[in-house]
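In the form predicted alone, a lone chain appears below as C-alpha cells.
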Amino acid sequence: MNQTSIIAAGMTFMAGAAFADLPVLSVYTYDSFTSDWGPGPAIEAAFEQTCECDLQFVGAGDGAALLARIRLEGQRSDADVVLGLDTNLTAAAVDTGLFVPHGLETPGLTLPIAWDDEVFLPFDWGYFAFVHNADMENVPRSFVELAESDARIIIQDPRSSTPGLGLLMWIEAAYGQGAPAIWEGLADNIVTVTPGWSEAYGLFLEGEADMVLSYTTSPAYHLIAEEDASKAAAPFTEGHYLQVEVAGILGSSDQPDLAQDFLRFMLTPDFQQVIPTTNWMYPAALPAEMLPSGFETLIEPDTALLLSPQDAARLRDEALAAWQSALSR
C-alpha cells in the first residue's frame, strides 16, 4: 500500500469512527415510509443535518403492525419514536403504558380538526377512499351501491393495516348497528385481503381488481409523478373517514431529548414539505397554498367521518368480529 492509500484508509477509518460515536435515534415506522420512493430518505438526510445524530428508520410492516410489535417488545424495544399509528390506535397505544407525553406546543397545525393530544403529534392526514381507473363505468358512489355492484375490490387486513382498520371504522361511523349488513353485502366483492397497503395497491395496478381501498390523495401520485390522469377516487355519499397519522415517544428511549427534537422537527417545513409528494397525504402543518400543483384536482368529501380514539378502541373488537363473520361465509 502506498502512502496515499495509507492516508486515505486512515481518513476513512476516522470518519467511520466519528460516525459511530454519534447518538442513534431509532424510529419504527411502516414499510412504505422507509422505501426509496417514500419520505424516509429525504427526512433522514434533512434531520441529520440538524441533529448531529444517526437517524435510523426501521420498517415494521404496515401501520397497525407497529403497535403489535411495540407491545411484544415492551420496555426492551430499541425504538425511541414510533411514527405511523393513527387515531384509531392511539387509545390502545396509550393503554400500553409505553408512551410518554411529547411536551411540545403545536402551533401552526393545518388539520381539519382540533388537536389536543399530549402524547401523540400528527404528521399528516387524509381521507380513505376507493380508487379506480378513471374510465371505469358505473362507479359505485356509496357502500350500498358497491355491495350491489359487480365491482371487484381489494382491501387490507384491519389487524395489521391502518387503512384496513380505517375501513372498519368508516363503515361503523356511517352505519352503526347496520355495519354487519354492509359487510355481508361487500363480502362477494372482495377479491383478496392483503396485510398492508402496498400489496393491495400493487395488485390493483396489476389489474387484479376494479377498485382498491386507498386515499383520496392517491390519484395525485399518478398525476404528479407519472403525468397520468387515469386514476380517480370515488366520492361516497356517506362521507369519507378521516385518518390522522401520528408519532410518539417511548418511555424506554435512551435518547428522550433527541426524540423530542425529532417530533419538533416533524412539524417544520423541512419535514412537512416532503410529505405531499412522497407519502401522498396532506401535511399536518403546512398551509394549503403550499401544496403542489395537482392536489387541487382531488375530490373533497362533503362529509368527514371520524370516531374519537376512545370510541374507535371500544368498537374495534365488535367491528372486527362482524368483518370476520361476513368474510368467512
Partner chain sequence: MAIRAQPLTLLQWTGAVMAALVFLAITAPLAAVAWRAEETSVLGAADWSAIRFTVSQAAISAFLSVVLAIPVARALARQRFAGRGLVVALMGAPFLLPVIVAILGLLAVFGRNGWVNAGLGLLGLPPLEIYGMHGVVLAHVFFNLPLAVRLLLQGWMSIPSERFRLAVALGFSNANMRQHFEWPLLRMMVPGVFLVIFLICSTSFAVALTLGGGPRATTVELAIYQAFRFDFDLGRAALLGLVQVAICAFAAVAVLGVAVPQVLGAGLDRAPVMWPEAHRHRFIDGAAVLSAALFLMMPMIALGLRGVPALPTLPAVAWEAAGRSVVLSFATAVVAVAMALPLAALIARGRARSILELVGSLSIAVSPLVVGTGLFLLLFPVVNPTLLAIPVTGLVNALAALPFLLRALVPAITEAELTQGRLATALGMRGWPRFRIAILPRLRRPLGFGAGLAAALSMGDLGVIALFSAPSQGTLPLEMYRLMGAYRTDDAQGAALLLLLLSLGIFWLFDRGGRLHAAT
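Positions refer to the first chain, counted from 1. Please read these numbers as outputs of a predicted model, since none were measured by experiment.
There is another form of this protein, the form predicted in complex with its partner chain, and it is not shown here; the text below is about that form.
In the predicted bound form, its partner chain lies within 4.5 Å of some heavy atom of D317. Contact annotation: G207 falls within 4.5 Å of its partner chain in the predicted bound form, judged by heavy atom distances. Shown alone here, G202 lies within 4.5 Å of its partner chain in the predicted bound form, counting heavy atoms only. Its partner chain is not drawn, but in the predicted bound form it has a heavy atom within 4.5 Å of L72. Only one segment in the set 257 to 265, 289 to 297, 58 to 66, 45 to 53 has residues whose heavy atoms sit within 4.5 Å of its partner chain in the predicted bound form; it is 58 to 66.
A single residue from the set P158, P140, G248, P122 has any heavy atom within 4.5 angstroms of its partner chain in the predicted bound form; that residue is P158. Annotation for 246 to 282: the only interface residue with its partner chain in the predicted bound form is W280 [heavy atom within 4.5 Å].
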